[in-house]
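Read the single chain below, which is given as structure tokens and is the form predicted on its own.
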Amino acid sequence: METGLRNRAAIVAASSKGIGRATALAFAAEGANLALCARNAEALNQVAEEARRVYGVGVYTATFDVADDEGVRQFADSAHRHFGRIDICVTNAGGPPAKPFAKTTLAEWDSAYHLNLRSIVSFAHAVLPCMQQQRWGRFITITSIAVKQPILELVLSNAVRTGVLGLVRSLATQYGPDNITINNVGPGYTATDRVKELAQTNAQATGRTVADYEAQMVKDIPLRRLAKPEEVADAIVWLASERAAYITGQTILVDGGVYRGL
């Protein structure tokens, strides 16, 4: 399938591992140049080197925390100077700690807001004007199935990430006339370090073993398995492609059928 992404410039945040890493390499496989960021320089450079070696694309990297507004702005500006354009921006960040509400602190609420909502606002401020000038753009956020169906012990994520949906809808309306689509991808249980953390937290909270909790997790998924990060990445690449040019303001769940709503 022709995606129309060859020689596009794609920002992928938190791309040193998990879904971010898979997304970066999926864009590289389509011939898109990459602007990658993460906190772990060593892991990020490994992804960058693989993209260059295997796919022959251009890669620009920067190491910083996406909760740092100035870091986001400098990264986007530098990526734009490096490639001369920014066509795609995929926002991504690690999730807040898994714990029940009574054990959360106000500091953790502030941190979750800055990491999982404010960082997206920062990226939007930084890249949407470039996309407006080009009259073409794709802005894609990565959240969680928790925006549609709250997950036990993830109260911080359940609350903060739902704000992203309001932002996505608002931006889609405002920037549609500029030929920019704004969408969200909500992964379900995916084989990443985050899901391992969730399994451990919930196993402790319910008095079960991690193996028992993981077995129950898979049992609740109609497809009876965890998602591969690459499967989430494929949905993101599709939303960025020319094939999804008439889709905006939407949340696409990649959850194996876990969400039961209509």
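Please read these numbers as outputs of a predicted model, since none were measured by experiment. So that there is no doubt, residue numbering starts at 1 and follows the sequence shown.
Only in words, not in the display: the form predicted together with nicotinamide-adenine-dinucleotide, which the text now covers.
Proximity of 65, 93 and 144 to nicotinamide-adenine-dinucleotide in the predicted complex is complete: all three residues have a non-hydrogen atom within 4.5 angstroms.
Checking 136-144, 102-110, 167-175, 75-83 against nicotinamide-adenine-dinucleotide in the predicted complex, the stretch whose residues place heavy atoms within 4.5 Å of it is 136-144. Using a 4.5 Å cutoff between non-hydrogen atoms, residue 193 counts as a contact of nicotinamide-adenine-dinucleotide in the predicted complex. The closest non-hydrogen atom of residue 121 lies beyond 4.5 Å of nicotinamide-adenine-dinucleotide in the predicted complex. Residue contact with nicotinamide-adenine-dinucleotide in the predicted complex: residue 38 places a heavy atom within 4.5 Å of it. Interface residue remark: residue 19 is counted as part of the site for nicotinamide-adenine-dinucleotide in the predicted complex, having a heavy atom within 4.5 Å. Residues from 149-174 that approach nicotinamide-adenine-dinucleotide in the predicted complex with a non-hydrogen atom within 4.5 Å are limited to 161.
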